[in-house]
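Next up: just one chain, as structure tokens, the form predicted alone.
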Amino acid sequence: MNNFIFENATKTYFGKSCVKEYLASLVRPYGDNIMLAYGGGSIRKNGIYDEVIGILKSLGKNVIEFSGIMPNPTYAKVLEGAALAKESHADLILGVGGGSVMDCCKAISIAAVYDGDVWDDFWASAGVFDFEPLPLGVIVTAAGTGSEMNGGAVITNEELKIKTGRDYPKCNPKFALLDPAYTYSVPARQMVSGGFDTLSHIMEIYFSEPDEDNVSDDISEALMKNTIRNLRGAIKNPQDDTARSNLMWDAAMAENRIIKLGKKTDFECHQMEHQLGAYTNCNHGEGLSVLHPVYYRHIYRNGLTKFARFAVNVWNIPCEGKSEEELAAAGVEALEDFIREIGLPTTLRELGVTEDTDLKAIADSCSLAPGSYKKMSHEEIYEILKECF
């Protein structure tokens, strides 16, 4: 394995009624002003808002609400939240939602206390902290991104048509509350796309060097199998507590940095989807479902051993009578079959992308991830996007 340093500062509380049991004690040490951040208002319909606001009010906290955080959160929304946090002298941000809410809140935690240009200094390039971001706690209502246990935040600059992410350990939430029951009301489409986002994260870590025996790859295989099995279970029965619990922890495990240890990682597919999203605002998990099989057909011959292992250990494809290349190709086909099985799109047309969409501009705007088995170029990414269309 490669050398690594591991850090994760988020204290995580998992399980039924964890919000009711722990939230009061977690927010009590902070000041009186709590900025409650959430998305489009679904938490007001499913009872989560009432439970959270009741706990905060019982402590005598002054709650400042910041709502309307959208999927693919924008830099403009970050600045809006930062202005509110400054104006209200917020002592803690409490983000309640899925990955978009959590990502936006992390960026707000920087912008609320930083006087410079947050985009230029922390998203366009890696930033340096000589200050402490505003403290953040999160309550997860949708599983998928794993944002609850890292400092990562993906933000879209609409003016520049750039969607990019950074992972700053200082932006790790101070605490994260994960009650699987909070995910029950998530629409089926969102649940499935979130589950595939989890699978995508694991695959993009797994399909990278080193290829010799290592702990991270073994854990990744177990997580991929668990995600696949429980996504099927949750589709069959959305109220299956075992399936929803496993999916919630799969998401956290995929992005709490543990399986990245000693790995190069390859997030080229995410880079492509980020720019696809910046230009089209497509659903993140659905964008990934279209891109992954096509991307992997472009690179699997450069990582035959790992792709063949994926076929055997994750999809249980018999290896007898098959060459390593045949196994590797069969693993990619099994992935695409699974995508169809769970009802996710397999073409850009299904995402609403039209012939007027400038695929060349999207390809040229993509960052080139250094961890890919095959050195990518903007020309090949353009070919991938055309094949996906």
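The first residue of the sequence shown is number 1, and the count goes up from there. Every value quoted in this text rests on a predicted model; they were computed, and no experiment measured them.
The form predicted in complex with a small molecule is left out here; the points below concern that form.
Annotated contacts: S147, E255 and H274 all touch the small molecule in the model of the complex [non-hydrogen atom within 4.5 angstroms]. Just one listed stretch, out of 290-298, 312-320, 117-125, 102-110, contacts the small molecule in the model of the complex at the 4.5 Å heavy atom level, and that stretch is 102-110. Looking at N62, you'd find every heavy atom of it more than 4.5 angstroms from the small molecule in the model of the complex. Contact check for N46: a non-hydrogen atom falls within 4.5 Å of the small molecule in the model of the complex.
The closest heavy atom approach of S185 to the small molecule in the model of the complex falls within 4.5 Å. Although the partner is absent here, T141 sits close enough that one of its heavy atoms falls within 4.5 Å of the small molecule in the model of the complex. The contact residue chosen from G54, G41, G31, G352 relative to the small molecule in the model of the complex is G41, the criterion being a non-hydrogen atom within 4.5 angstroms. G152 is the sole member of G303, G137, G152, P133 with a non-hydrogen atom within 4.5 Å of the small molecule in the model of the complex.
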